[in-house]
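The chain below stands alone and is given in structure tokens; this is the form predicted alone.
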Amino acid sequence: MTLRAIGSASATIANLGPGFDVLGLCLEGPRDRVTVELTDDGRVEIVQIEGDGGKLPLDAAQNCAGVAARWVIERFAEPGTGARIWLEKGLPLGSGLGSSSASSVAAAVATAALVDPNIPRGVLLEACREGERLAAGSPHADNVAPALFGGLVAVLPGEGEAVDILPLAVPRDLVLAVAKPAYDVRTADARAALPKTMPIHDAVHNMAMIAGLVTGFATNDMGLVARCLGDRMSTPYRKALVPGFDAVVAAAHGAGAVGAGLAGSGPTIFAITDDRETARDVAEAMVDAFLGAGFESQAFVSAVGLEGATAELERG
């Protein structure tokens, strides 16, 4: 019988307002699923991709799931080991919800489950970051880290490209409303929108907001969270790429959200609430606001994904 592993990793929200390239939050869903089967021909092959509309490459060397799987195999598997990969996209592409990260993480944990289930998650993070390097041009960890570890995390820079991941407290009753309009924003375009230099008072503002936001989450002080979601580092420059942004954020506040902002590089907008009923109302208001700006959108409600990525073995 053939042994396969099914890896699953969820959508994430990077930045969370002021935490540019530092903070990342894992959601319960939607999720990408990657099925991996080891072979003895030394090849890493993507057999099939579902849910991408034919947009993603089947060439494993050009697909972040293939890159992450190969990283694990090259370092921990027997020489000559290969893999066959099936990718099921549950996340929309170009959404700012960490679509490429979810694929990388799901592939890494699935491959590790077959090669060596004792590989530490901190080591697997490097496989995931290599997938992100392919997708985004640099090995950012603010999406892959929360997808892998779950919960709310901060990415601490180390020497060179090394990073350390710091788990942060987050209220268990936190519920997010998330709305993705029917257009995409390329990560490269969102990066290009940022200025090369920034006024020092804006940098100081964001540092203060991060301190307050983390404290607000840790103490379940939603008033402090609301006060500290403000961002002067990326949102003022990127929101021009997101038609309807101001109206959608205003609608979220009007429906009872604690606060709202861009998910990663956008165009998805997230809103924070402290109960599911309010989150549903906020999601509906965000959809209506996008429609008022001339764009259809899809919205969902999610609690924080505390577990992170999972992998299960399957015999077939």
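Since the model is a prediction, treat every value here as computed from it, not as a measurement. Residue indices: 1-based, along the sequence shown.
There is also a form predicted together with another copy of the chain; it is not shown, and the following applies to it.
Checking T187, T235, T81, N206 against another copy of the chain in the predicted bound form, a heavy atom within 4.5 Å turns up for just one residue: N206.
Only one of L152, L125, L229, V155 comes within 4.5 Å of another copy of the chain in the predicted bound form through a heavy atom, and that residue is V155. Within this chain, D21 lines the site of another copy of the chain in the predicted bound form, having a heavy atom no more than 4.5 Å away. For the chain shown alone, T215 is a contact residue for another copy of the chain in the predicted bound form, at least one non-hydrogen atom being within 4.5 angstroms. Contact between A240 and another copy of the chain in the predicted bound form is not found at the 4.5 Å heavy atom cutoff.
At a distance threshold of 4.5 angstroms between non-hydrogen atoms, N118 is out of contact with another copy of the chain in the predicted bound form. Stretch-level contact analysis of 144-152, 110-118, 165-173, 72-80 against another copy of the chain in the predicted bound form, using heavy atoms and a 4.5 Å limit, identifies 165-173.
Highlighted residues P195, M198 and I210: every one comes within 4.5 Å of another copy of the chain in the predicted bound form, counting any heavy atom.
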